[in-house]
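Presented below, as structure tokens, is a lone chain in the form predicted alone.
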Amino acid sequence: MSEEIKVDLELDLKGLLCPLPMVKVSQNIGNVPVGGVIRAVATDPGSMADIPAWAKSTGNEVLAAEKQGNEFVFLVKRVK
């Protein structure tokens, strides 16, 4: 999925329930430079809706969102 994308920050959000995975991504997006990417791994299925909705509403970009086993893996790019 992301071998060619440089990840600037890894977030382990496993075990956190909705809306905390989205909140943690939101809190940490400022810790990467504009154009930087956060890789977030969550286990809450609600994150599949929450993180893309948050990204869309804040002008950031979800490069990838996929289920890998029991985990949901996101690549979120800081756009502004």
Partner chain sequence: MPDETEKQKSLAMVVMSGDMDKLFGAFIIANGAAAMGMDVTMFFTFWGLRAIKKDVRTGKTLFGKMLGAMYGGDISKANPSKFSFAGLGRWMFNKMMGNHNVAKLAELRDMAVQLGVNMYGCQMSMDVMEIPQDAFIDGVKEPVGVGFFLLKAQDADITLFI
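Residue numbers count along the first chain shown, from 1. Just so it is clear, the model here is predicted, and its values are computed rather than measured.
Here the subject shifts to the form predicted together with its partner chain, a form of this protein not shown in this document.
Q: Consider K80 of the chain shown here, and say whether it contacts its partner chain in the model of the complex, taking contact as heavy atoms within 4.5 Å.
A: Close contact exists here: in the model of the complex, K80 approaches its partner chain to within 4.5 Å, heavy atoms only.
Q: Verify the contact flag for N70: yes if a non-hydrogen atom of it lies within 4.5 Å of a non-hydrogen atom of its partner chain in the model of the complex, no if not.
A: Heavy-atom contact with its partner chain at 4.5 Å: absent for N70.
Q: Would L20 count as a contact of its partner chain in the model of the complex, using a 4.5 angstroms cut-off between non-hydrogen atoms?
A: Taking the distances in the model of the complex, the answer for L20 is yes, it comes within 4.5 Å of its partner chain.
Q: For S26, is any heavy atom within 4.5 Å of its partner chain in the model of the complex, or not?
A: Heavy-atom contact with its partner chain at 4.5 Å: present for S26.
Q: Within 4.5 Å of its partner chain in the model of the complex, do N31, P45 and M48 each have at least one heavy atom?
A: Negative, none of the three is within 4.5 Å.
Q: Would you mind checking 47 to 68 for residues with a heavy atom within 4.5 Å of its partner chain in the model of the complex?
A: Sequence-ordered list: A53, W54, K56, S57, T58, G59.
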